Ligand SMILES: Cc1ncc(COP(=O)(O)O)c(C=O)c1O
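This document starts with one chain, in the form predicted alone, laid out as structure tokens.
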């Protein structure tokens, strides 16, 4: 199992501390899970790690055999907690040591056409726990003791929580204007919070500059492929819970964290003849920040250059998605659709969901607002699944 550069094809052991290839390309996985087989699901494990047969998980002693030597002068991230430091919570197994019981979130019927996947039932109240659990399990397995990450809030909170669980030091960079509830949650896990003036994209640039200068492990939900392996479990669960995959899958699209995991899992189900065809995927961007939607309208291979405007949907306010080309390749390959959420209808959609007992944050409401707008435009959209990605209390500001 290796990383492979998406640009030049160079391979590196997954134990590498490099955030990306020397050429600047992002890592993808040279990893082929076994053919998806329901018999390989551990039905005694009530977390997303019930699907660990299909995830790239290795134990610490296995990782030692392939550990990449550190370069002279590089920051040491391989240290384990010593007797004078607090021991990580949990058992010895890397994934058991970090698991907080994430996953197995319910699917709720909203009406005759819409199902909701309630991922705000996660330990930190957002779907990002799927990716964080797998990524931090990997970090623990290879002996990482300190990480940094940039986030609009939810991913940072997830990484902070799982680092706390694993005994790993953590610093999260967030853009100004991030929900105070999210930054308070991050700090509560013992992580350092650095608030960066300016846009979400600028926040990422500042964080990455620290990674480049200091060699700290970049636990990025955008750069690190382990995160997408965790978000694959969203689809595994839907299939196991429903016995099928709905005809229409709506998904919020910023950096593509959930989108990429969903597509990878669907491809696995297709290859195993578990499903007969790819469902219709409808990706949702904010109309105030829509680089993928604009590229899709033009049939372009790269995201459009946009200047993001303020939006309630802070979770998808990504003006320069680093994996934009990869996302667009999937969109064209499977004839997906990209739409935008009308900004003025986000609060209306949030209130409508709350009136049905579903109190979600604004980004999830934006996905529902986009669904409602599309339904008005083209008529009934039967058998639709919408993810409820974050809890409402996290964005009350």
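All values reported here derive from a predicted model rather than from experimental measurement. Residue numbers count along the first chain shown, from 1.
The next section is about a form of this same protein that is not shown, the form predicted in complex with this ligand.
The partner is not drawn, yet in the predicted complex one stretch among 361-369, 345-353, 28-36, 331-339 has residues with heavy atoms inside 4.5 Å of this ligand: 361-369. Using a 4.5 angstroms threshold between heavy atoms, residue 315 counts as touching this ligand in the predicted complex.
This ligand in the predicted complex comes within 4.5 Å of a heavy atom belonging to residue 256.
In the predicted complex, this ligand sits within 4.5 Å of a heavy atom belonging to residue 152. When this ligand is considered in the predicted complex, residue 252 lines it closely, a heavy atom lying within 4.5 Å.
Taking this ligand as it sits in the predicted complex, the stretch 105-135 comes within 4.5 angstroms of it through a non-hydrogen atom at 127, 128.
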